[in-house]
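Take a look at the structure tokens below, where one protein chain is shown in two forms, each on its own, as structure 1 and structure 2.
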Structure 1
Amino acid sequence: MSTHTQPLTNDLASYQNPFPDIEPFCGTVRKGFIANFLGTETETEFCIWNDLSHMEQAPHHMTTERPVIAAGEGFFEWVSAVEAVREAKDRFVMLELGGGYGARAVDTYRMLQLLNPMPCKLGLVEADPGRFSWALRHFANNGIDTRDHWLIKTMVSDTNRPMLFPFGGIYGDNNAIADPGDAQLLADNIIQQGVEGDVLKGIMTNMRTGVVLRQDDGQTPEPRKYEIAIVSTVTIADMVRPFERVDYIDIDIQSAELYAVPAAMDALNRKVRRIHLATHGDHIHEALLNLFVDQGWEITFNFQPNKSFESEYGNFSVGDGIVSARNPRV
């Protein structure tokens, strides 16, 4: 008789206390770092949304707490990670696509060491060179030797064709110029300005266009600047295929999930046990939710982007949408 039970979607009652066996970190943290409940240490420089300058002055004591549902997206990421960690056998494989500085990969690694230690392979894909170098530092800061893992400085896409990509943005801004119309407008603009010779030379020497876009969203004192570059891509299937089984994939690729995920569905179905998707826009959320349901995945969490939710276990808001699912075939 099968012991498999299908999870209910958004069964928050089951996750009231998902980390009972993790003692929240309490201790001294290095100058310029903060710690979370797992004891993961993160450079304050990476935490650009918060003013943590007071922690940059000296070593300091921190007392942490287990995440609660009010934390929103972060809570659900940690729940997906801890469930994957508990379920792992023999060897744990996790991929973080659109990895930023590798927060989720490193946190998951910490959970694995705390709850279910075993050999582990972490894969991370991040196109922005600044953030990629942060990921190298974040791994090293937490005692993880990057030579034993798999960090790739590319974008995630539906094909291996390189893409136009803005270097230098902050979180949430780094989505490729995927719309052919936008790309052609950019080309026309370059030609109108008469700089096509310089741009071509930039492309043919280092794949940088020299074209700087400015965006003033009123949230920062100065307009944000992005240089348009051409970056290499990998597909999700490229990342999955080397393995016989992938325990957990976390994907946060700033709308590219709309085309990158469907293209990799066969590989996901064959090899991936659990996925956590940050979705960007209602229509993307719905499209991916339907895709995973149609493909027979069990949806554990489904919360639309940019909404507030009330529950008897706490209220929370999300910016990115949340689709978490597990694959009964794997």
Structure 2
Amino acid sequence: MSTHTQPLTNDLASYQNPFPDIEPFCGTVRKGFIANFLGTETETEFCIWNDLSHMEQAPHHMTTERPVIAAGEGFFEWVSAVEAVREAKDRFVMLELGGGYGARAVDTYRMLQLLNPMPCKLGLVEADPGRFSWALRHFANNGIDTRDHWLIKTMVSDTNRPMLFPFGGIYGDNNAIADPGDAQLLADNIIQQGVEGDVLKGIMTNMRTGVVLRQDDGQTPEPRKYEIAIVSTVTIADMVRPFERVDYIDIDIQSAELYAVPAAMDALNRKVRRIHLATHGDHIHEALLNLFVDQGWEITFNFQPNKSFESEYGNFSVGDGIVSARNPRV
């Protein structure tokens, strides 16, 4: 097994101007929307980390700029996407796993239309019903007919066994309850709150608790609030199977990557050209980085989670870790 404590590539000098042929968007944006440099329009409701209420009152003018390294995670996601778009031939296939509202799929689609137009199939997997409905809206808001693509309201896992999943948290809270110890803590919490009867009734009749549970994680000022449901699952190999080739997969599945990615490695090796993987925890990052290296993938970016980095091209921070890799066999 390989062990890597230093970046494998991270050739930042080569990515000082990765979008030279994309003219940054400048123009009028609809009421209740913002736009990025690609011209992708996003409802302010989806931007839960920012107060954008001042943009909700009327159509407004926006001038944007190309992303720079200081943007951190977003910059490296856009670079991975644009590299995949430039390499594509004949037909482009992109999967966004842990899709949220589909930001990365829609941005990649827009890059394709701007730089290398061709027939395209997008796939998106998102388990939370609220965010899945956002994804449908985000596609439609940007002129993408979801009937031509593959959007699935389910969860990514290493098996097709149904799993417990929390609905209603903020981004980053939606971790599948796969560990027996976590399931026991959940059961204890249900009993302590005295709602076991309601939970049983909800699970038996609707596959979800019907009860908003509270969980004090000791890290946030207020207890987390969520509802637990039983959801179906899909594997990464399931998503890859219908295609002869997948040009690009963006994976952000909140720690489930630790077991979902290794289980799909054979399919990834045979069919997938490029992956951008968000990692959640140093041990997960190291394990999956080593896995891709041992399987012969070329590492483009390797940044551990929750770290700050300095470079002569700009300083930046990441929350999720980044493993961006290219498969020379495909």
Partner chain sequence: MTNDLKQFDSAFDDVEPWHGLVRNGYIANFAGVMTEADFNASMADLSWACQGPHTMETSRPSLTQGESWFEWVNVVEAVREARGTFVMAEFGGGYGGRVVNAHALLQKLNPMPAKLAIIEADPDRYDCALRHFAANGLDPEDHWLIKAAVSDTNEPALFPYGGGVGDNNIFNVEDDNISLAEKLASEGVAGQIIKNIFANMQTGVKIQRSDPRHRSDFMLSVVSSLTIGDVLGPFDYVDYADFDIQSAEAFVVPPAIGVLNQKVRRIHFGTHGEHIHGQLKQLFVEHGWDLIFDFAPNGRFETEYGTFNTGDGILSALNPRLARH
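Structure 1 provides the reference sequence; residues are numbered from 1 along it. Whichever C-alpha set is largest while still superposing within 1.5 Å between the two forms counts as the rigid core. Computed from a predicted structure; not experimentally measured.
- Structure 2, rather than structure 1, originates from the form predicted on its own.
- Core-superposed comparison between structures 1 and 2: CA of L151 displaced by less than 2 Å.
- Core-superposed comparison between structures 1 and 2: CA of D90 displaced by less than 2 Å.
- After superposition on the rigid core, the Cα atom of E244 is displaced by less than 2 Å between structures 1 and 2.
- Aligning the rigid core leaves the CA of D188 displaced by 5.1 Å between structures 1 and 2.
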